[in-house]
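As a starting point, one isolated chain is supplied in structure tokens, in the form predicted alone.
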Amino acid sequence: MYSHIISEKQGIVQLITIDREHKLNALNIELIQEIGREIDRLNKEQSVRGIIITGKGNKAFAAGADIAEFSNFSAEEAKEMSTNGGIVFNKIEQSSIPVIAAVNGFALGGGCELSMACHVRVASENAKFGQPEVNLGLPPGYGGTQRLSQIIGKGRALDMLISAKTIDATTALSYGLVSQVVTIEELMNTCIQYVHNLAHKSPIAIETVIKCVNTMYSENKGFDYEINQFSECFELPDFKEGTQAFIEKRKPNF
């Protein structure tokens, strides 16, 4: 059914696994659209009480975007990519079925943005979070500047965004970026049990709560501004140098 994700129904739980372990589950354009189609299907069918998104293996939830895929994009192509990806991440955020990110390792760049689009984040002890896009001469392009600020606050978000630093699971917990940290062995069972606990709550009330919380940010124009700034950076020399340095595995010379 899909090329880059595996979606399995386990009773009242739907488990979506990013299936690009050989690339540390890096997000490409097609993969993101596959997640979007699956979220649409599940919300239409309403046959499960919770959705868990995770990455295959124990090293990465999603270690960023697939940079080689967009390294030669024009600003117009970048805007289309960012806009379409943003639509998918909004679908996750607005899902009437709760979505839990089981963060099993690296959640960097687009991977961190994907986790933040989920309603709840549970991390394994080896999880790492970061938005390193400035190393590529870019801001985040899938809502990272907006959701990170909303979740952990402006000061901490700016610190992470402009320094490109990576934080560990313990720090993510102290920042409020994740709600729980468990061992890698306990991660999936913890998330499954979370969904089973939700089964004792009113699904209509849960859906209403999600809508109410999202309404607080519904007039936020920052997402559109981020998309425009992200795409415009594709025409600048810093992006060319940043992506080339990444591909060549060297430090960029800005």
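Because the structure is predicted, anything quoted here is derived from the model rather than measured. Just count from 1 along the sequence shown to find any residue number.
Same protein, other form: the form predicted in complex with a small molecule, not shown, and the subject of what follows.
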Answer key, the small molecule contact in the predicted bound form at 4.5 Å (heavy atoms) among A68, A205, M216, A199: the residue is A68
Using a 4.5 Å cut on heavy atoms, which of I39, I227, A26, C191 is close to the small molecule in the predicted bound form?
-> A26
For the chain shown here without its partner, which stretch in 170 to 178, 100 to 108, 87 to 95, 145 to 153 has non-hydrogen atoms within 4.5 angstroms of the small molecule in the predicted bound form?
-> 100 to 108
Flag K9 as yes or no: does it have a non-hydrogen atom within 4.5 angstroms of any non-hydrogen atom of the small molecule in the predicted bound form?
-> no
Please run the contact check for G50 against the small molecule in the predicted bound form: heavy atoms, 4.5 angstroms, yes or no?
-> no
Answer with yes or no whether K59 is in contact with the small molecule in the predicted bound form, where contact means some heavy atom within 4.5 Å.
-> yes
Heavy atom to heavy atom, is A78 within 4.5 Å of the small molecule in the predicted bound form?
-> no
